[in-house]
Each structure stands twice: as C-alpha cells, then as structure tokens.
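Have a look below at one chain only, the form predicted alone, in structure tokens format.
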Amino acid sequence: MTVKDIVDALNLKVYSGEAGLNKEVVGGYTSDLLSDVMGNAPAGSVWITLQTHVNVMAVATLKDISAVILVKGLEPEANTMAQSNNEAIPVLGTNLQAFEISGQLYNLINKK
C-alpha cells in the first residue's frame, strides 16, 4: 500500500511532500512525543500527530517515516511544509481525532 492509496481511502488532505506519495507504507504510529517516535516508530510507517512544527520533519527523516498525518484540522507551519517538500515526506491532514484516524488507518492496512 502506498501513501497515495491511504490519502484516497481515508480522504486526507495533502499539504506538502507530493513527491513522496508513492512511498510504501508498512504500518502506522500515533504519538505526539518526538522522543517516543524517535525511539519506537518503525521505518515505513505513517506517523499520526498533532505536532505541526519543523522538528516533526527532522524526526520523520531520521526514522524514514513514509508520511505524517496531522489531526484535528491542524495545518503544518510553513517551514514544516518546505522541509516536507525537500525530503519528499508527505504531510497530510484530517479533521478527525488521533484515535479515529488511527483506527481507520489500522483497519485499512490490516484488511483481510
């Protein structure tokens, strides 16, 4: 499954990083603590968070995250979008709460 497949299936907004929409996704990780993501998020996952600042992109790059989903209608800061474009890591958005989009992503990835 690609980031684009997830965008289409979950009706997500693409803010930036369009060059990375064909990246493969192996799972998801939900956390708002950068240190938690650095220590535990698997490479190739979609990171769900409410953090909008540029440090999100530093962690996403370090952990080889396939995409970031911002929740609750939050939008990325301008420098976050610029770094997203530089790294080809899509920053996506939803109006849903982290709990809701996490469940939807889990169900989508684990379809049997």
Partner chain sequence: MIVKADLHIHSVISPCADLEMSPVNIVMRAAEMGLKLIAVTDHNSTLHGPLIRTLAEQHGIYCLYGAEVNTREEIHCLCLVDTEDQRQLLQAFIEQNITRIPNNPDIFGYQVVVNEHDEIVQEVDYLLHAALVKGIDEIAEFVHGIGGVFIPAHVDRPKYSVTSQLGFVPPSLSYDALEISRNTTVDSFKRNNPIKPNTQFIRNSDSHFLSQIGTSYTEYNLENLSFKCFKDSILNTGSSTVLPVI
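All values derive from a computational prediction rather than experimental measurement. Positions refer to the first chain, counted from 1.
Below, we turn to the form predicted in complex with the partner chain, even though it does not appear here.
Interface residue remark: residue 52 is counted as part of the site for the partner chain in the predicted complex, having a heavy atom within 4.5 Å.
In the predicted complex, no heavy atom of residue 87 sits within 4.5 Å of the partner chain. Mapping the unseen interface onto this chain, residue 32 counts among the residues with a heavy atom inside 4.5 Å of the partner chain in the predicted complex. Interface residue remark: residue 58 is counted as part of the site for the partner chain in the predicted complex, having a heavy atom within 4.5 Å. Contacts of stretch 72-103 with the partner chain in the predicted complex, defined by any heavy atom lying within 4.5 Å, are made by 74, 77, listed in sequence order.
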